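Okay, so here's just one chain, in structure tokens, the form predicted on its own.
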Amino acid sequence: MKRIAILASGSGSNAEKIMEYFQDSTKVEIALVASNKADAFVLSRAKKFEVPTFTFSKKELEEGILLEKLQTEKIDWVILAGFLLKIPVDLIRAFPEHMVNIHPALLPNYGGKGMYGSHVHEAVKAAGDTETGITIHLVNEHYDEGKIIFQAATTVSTDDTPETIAAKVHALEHRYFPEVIGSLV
């Protein structure tokens, strides 16, 4: 059985969809949900699924505390689902080709430091793009530059607002992220 850890910094709607998808799996176990924010709602979502949780500070992340926890828990795959801190190189190297992120745009557009959540949707609207979507990719040492595994697109109309764009993107995330993870592990 493959053991997955989900890292998230906020609400955790993608994490919840992943936990739902794998809750009866005989091949995959969501073994840990970890967050850099003690008040992140994702921790409550994890408890609903009886998934153990772990919190850590940015300093602890940089000092390798999270890496130690992942190794202690014998984690096979690390999934970033709305995790907003930069992953240290030693953590990336500990999970080569086994750390996956989801980004709320069609990379390479609107990627990089500071491009997350509503910032991305506002940029898409401001640029007048007619299409946006999601990108699921492997994690490397640079923000949003790892090997692309999967993309899905949705249209953007002139009537769309950053909020309606976000809703369209969330629908794609919830539909495809668990399935793509399942195809990888």
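Note that residue numbering follows the sequence shown and begins at 1. Here the structure is a predicted model, which means the values were calculated and not measured.
The following text describes the form predicted in complex with a small molecule, which does not appear among the structures shown.
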### Message
in the predicted bound form, does His170 come within 4.5 Å of the small molecule, counting heavy atoms only?
### Response
yes
#### Entry: Contact flag, Ile102 vs the small molecule in the predicted bound form, heavy atom cut 4.5 Å
yes
### Message
Within 4.5 Å, heavy atoms only: does Ser11 come near the small molecule in the predicted bound form?
### Response
yes
